[in-house]
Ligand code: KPL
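Below, in structure tokens: the form predicted alone, a single chain.
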């Protein structure tokens, strides 16, 4: 099977290496530093189940490329541009698995394909929720640690089920745990709630996840979680506050030594996923007349740390 992994961050590198190990033809699409490192040294996986996978890597797709499956592993801010390139270069479009954190990813994919004049046939887009822990150590280098899984939905249409089955088999054969859930949208929301509480606080204060259990950071995380739960309720996703708070502290304990992906982005001077997490909550909150002062403060503080983009 010919598999394109678009994005060479921690998860892109880890999944590309694991999939290539079971003899699939894998192409990594990434920025130039990652492409050079992968071409010279391969994808290096450290930590749990270490390995080195030598894979082809490119910084741009070429016209008429073909693929049997595509894993979209860029961060949320890069989704639209990545999908625009995919829509223009890969024909026909393959089944796509989107593994981003945050909300509104499907909208960004639809906009990117619209700009590419490449409408996505029904059932080809699958949304996944990833909890496999991985840390980027450098271009083409990743540390895998602990247990995790990819959640996939159970679509109602034959086309959607065929795409999900393809990714379930592809990831499962590569040793990546996969679990089917009846409502993937709810699981996307569940992770977004936790991300909204954990990521901005850790990124703002430069602390590993475990520090959130202490004040003043604990109070900040709990305030963000309460506001996010309110937005979810207004959007039709009802979560038990006690259950979600229990989930929050379970994740914090399980990932105590981890530096959140948002903190890693801030450390590297990269754009973060704050717009897809806190920004989407603010947008939806405004639609429903909700005041979100803690979320607004967290959003503004992280945006102030991001690089200024050049004018279009």
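Positions refer to the first chain, counted from 1. The structure presented is a predicted model; accordingly, all values stated were derived computationally and were not measured.
The same protein also exists as the form predicted together with the named molecule; that form is not shown, yet it is the one meant from here on.
- Residue contact check for residue 73: none of its heavy atoms lie within 4.5 Å of the named molecule in the model of the complex.
- In the model of the complex, at least one heavy atom of residue 260 sits within 4.5 Å of the named molecule.
- At least one heavy atom of residue 198 is located within 4.5 Å of the named molecule in the model of the complex.
- Although the partner is absent here, residue 251 sits close enough that one of its heavy atoms falls within 4.5 Å of the named molecule in the model of the complex.
- The candidate site formed by 101, 191 and 209 is fully in contact with the named molecule in the model of the complex, as each residue has a non-hydrogen atom within 4.5 angstroms of it.
- Remark: of stretches 108-116, 84-92, 179-187, 198-206, the one touching the named molecule in the model of the complex is 198-206 (heavy atom within 4.5 Å).
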